[in-house]
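The data below hold one chain only, encoded as structure tokens and taken in the form predicted on its own.
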């Protein structure tokens, strides 16, 4: 008995509070006080007043596949509960509790209503807005990006009754107004809910294939010749060379750099700005950089594979940019080693 009490006390003392868990796992994206950033503003009254605990639990556990929000499967049930309690504490209203029941409606009519009233914000197939929640990638007067309502994480977390409630009441301070105010009937709203739920069967998630983290080509030329060929290939594709330096420059005393390891930085500013508007985190591997290395086995030219990095970001909207950048790297490496 005494031993179980000690174990229970140790578990209690070691448990992290909702505030500690939020600071560790959520604050970087959702803001210190839930005001939003890369992630949605959780403390926005029209959001936190319209969700229930079960929706938050499933969202934390499952995330939003392909939409930046990861799933936190490693958290213990009591830790998720602490996070849910903290988020709901931002609401001054009575806690919601949406019953789990299927809303019956006409999905064909609902699809027509969706195209008329929802597509402009949520996308043709419910894929959501492009970009992230930060002001660089959304209009500054919008506090929240339109979510991906065809996303498997959203559809698993949101009940039909919650979706219906949001459509009926809207979300104040966002473009999402009451659909009753738009002139729709409650029967129309049921049709919309039925259509949104039907997207669960049609949804196809993009799958990240197993990607090698490095793109590598071997060169038959000297290091100097390969670097010069690389620079010519870069400028020939309308990229601007920013600088050329030794790979370990600045990490060792001046004069002791490894002169057999050279890195070339370059950029196309239109590509850079377009990509940053989709997800500012792409700045982690921009501007572009390619490394040329000479070893006893010869000269090699290498670049980080953008698709391998993209898979870590959980943002399918980045895929097109990363495919384009990977193709650019492969063309440049091929040209430089011909």
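Positions refer to the first chain, counted from 1. Remember, it's a predicted structure, so these values are computed and weren't measured experimentally.
A second form of this protein, the form predicted in complex with heme C, is not displayed here; the remarks below concern that form.
Give a yes or no on whether each residue among 216, 300 and 328 has a heavy atom within 4.5 Å of heme C in the model of the complex. Verified in the model of the complex; spot residues all out of contact, no.
Sort through 194, 263, 145, 234 and report the residue having a heavy atom within 4.5 Å of heme C in the model of the complex. By the 4.5 Å criterion, the partner-contacting residue is 145.
From the list 26, 62, 278, 309, which entry has a heavy atom within 4.5 Å of heme C in the model of the complex? Looking at the other structure, the residue within range turns out to be 26.
Determine whether any heavy atom of residue 240 comes within 4.5 Å of a heavy atom of heme C in the model of the complex, and answer yes or no. Heavy-atom contact with heme C at 4.5 Å: absent for residue 240.
In the model of the complex, does residue 101 come within 4.5 Å of heme C, counting heavy atoms only? Flag for residue 101 set to no.
Distance check, residue 293 to heme C in the model of the complex, heavy atom within 4.5 Å: Residue 293: no contact with heme C in the model of the complex.
Non-hydrogen atom contact residue 40 with heme C in the model of the complex at 4.5 angstroms: Yes, residue 40 is a contact residue.
Residues in which of 226 to 234, 101 to 109, 244 to 252, 160 to 168 have heavy atoms within 4.5 Å of heme C in the model of the complex? Result for this chain: 160 to 168.
For the stretch 166 to 184, return the residues whose heavy atoms include at least one within 4.5 Å of heme C in the model of the complex, in the order they occur. If the 4.5 Å heavy-atom criterion is applied to heme C in the model of the complex, 166 to 184 yields 166, 167, 171, 174, 175, 176, 179.
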